[in-house]
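As a starting point, one isolated chain is supplied in structure tokens, in the form predicted alone.
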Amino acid sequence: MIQPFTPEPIRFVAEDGTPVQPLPERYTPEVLRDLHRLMLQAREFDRKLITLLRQGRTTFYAQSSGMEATQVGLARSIRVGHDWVWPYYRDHTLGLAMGVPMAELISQCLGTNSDSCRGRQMPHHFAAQRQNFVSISSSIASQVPPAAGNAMAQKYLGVDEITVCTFGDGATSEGDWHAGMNMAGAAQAPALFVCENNQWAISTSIREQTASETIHIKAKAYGMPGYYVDGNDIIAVMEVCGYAAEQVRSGQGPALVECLTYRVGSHSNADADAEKHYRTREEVDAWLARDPITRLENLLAHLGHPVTAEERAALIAQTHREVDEQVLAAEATGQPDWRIMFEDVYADLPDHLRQQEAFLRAEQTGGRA
């Protein structure tokens, strides 16, 4: 049984790929290879989107490289399209692993006519209706109180859905986080809170923002169990998050899972150079040596089913081709027309907006109707 409040992160696979406890039977070589595919695809998606950013074809991107085991593992621990997910802005790998089409993510990042948000949301802040993946917000921890409310509604309605709310370690220093956690705990709402602890809130380290030894221990204050897991061990993430999700679903109230991982890239393109000044190269290199994809590849090799260099190269090439094709397809749809700023909110446009629309139409058309 998975135990809460462990002093060390729960782990199933060591950094060199050897199991440290028996692996559940469901982790067949086929399942492990599929997890590897998703993680490597997400890593290469990151690299391609950073290239688009440098080319000026999008204006914001927050990579998740190094955190793939946490996000893919969480996606495989919930009932996709049944449970509701309130994500944070680094969760595109979670979205991809939940089945959000790559085309949708790319269209949203580019803000083209193929974007379901119609270019009106900040790049890399997508939503996915079929997956119950709520629109991402940049405001830190702002998703936590409404996620708690979502879970309270699920309890009121008596459904077997749960609400999954993710956030980084920096969010746990925000008032909204504490308010949402307290509300969910007091209501015994079916919410699974997942801290993707990558140890840096932009340039503020985890040690500078809290006196707590860990994040998961904070769950005690809200009357819920807290679980501590090695976020670079995908099997451990799936086992812990899966166990916690079903405990929540069974009516035992909310839970908090802390996945200890690391952001190996910059916070976003906004600090691509500054990050060199707030953390050392030695620290980054130490975490690169704990890479979650390499760990899974080492496990497959240990089990006698290695991923060959040719297989790896083919998967990378396939991902690059798919991204390139989807970028061209999205750009071919063109940029949204200015008129969309007046659509999708009011059934009957108020007079002041009608006046603004008329003014803009005259400005855009030179007075022509």
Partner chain sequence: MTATQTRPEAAPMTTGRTINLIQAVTEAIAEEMERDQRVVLFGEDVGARGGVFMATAGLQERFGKNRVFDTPLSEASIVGAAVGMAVRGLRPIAEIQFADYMGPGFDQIISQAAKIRYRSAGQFTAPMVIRTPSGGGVKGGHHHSQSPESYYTHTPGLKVVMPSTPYDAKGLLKAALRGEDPVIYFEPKRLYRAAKGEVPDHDYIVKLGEAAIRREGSDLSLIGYGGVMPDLEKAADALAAEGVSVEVIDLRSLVPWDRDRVLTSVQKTGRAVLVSEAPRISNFMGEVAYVIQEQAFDYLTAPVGQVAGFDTPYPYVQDKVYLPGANRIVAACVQALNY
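Positions refer to the first chain, counted from 1. Between two forms, the rigid core is defined as the largest C-alpha subset superposing within 1.5 Å. Only a predicted model underlies this, so the values are computations on that prediction, with no experimental measurement involved.
From this point on, the text means the form predicted in complex with the partner chain, which you will not see here.
In the predicted bound form, the partner chain stays beyond 4.5 Å of every heavy atom belonging to Gly99. Although the partner is absent from this view, Ala221 stays clear of the partner chain in the predicted bound form, with no non-hydrogen atom inside 4.5 angstroms. When the partner chain is considered in the predicted bound form, Asn150 lines it closely, a heavy atom lying within 4.5 Å. Although the partner is absent from this view, Phe133 contacts the partner chain in the predicted bound form, with a non-hydrogen atom inside 4.5 angstroms.
Of the candidates Ala201, Ile293, Val80, Ala127, Ala127 is the one whose heavy atoms come within 4.5 Å of the partner chain in the predicted bound form; the others do not. Met341 is the sole member of Ile316, Met341, Val31, Ala329 with a non-hydrogen atom within 4.5 Å of the partner chain in the predicted bound form. The candidate stretches are 136-144, 72-80, 241-249, 89-97, and the one lying within 4.5 Å of the partner chain in the predicted bound form by heavy atoms is 136-144. Although the partner chain is omitted here, in the predicted bound form none of Asn197, Ala301 and Thr308 has a heavy atom within 4.5 Å of it. Contacts with the partner chain in the predicted bound form, taken as any heavy atom within 4.5 Å, map within 110-124 to Ser116, Cys117, Arg118, Arg120, Gln121. The rigid-core alignment places the CA of Glu310 less than 2 Å apart between this form and the one not shown.
Once the cores line up, the CA of Pro22 ends up less than 2 angstroms apart between this form and the one not shown.
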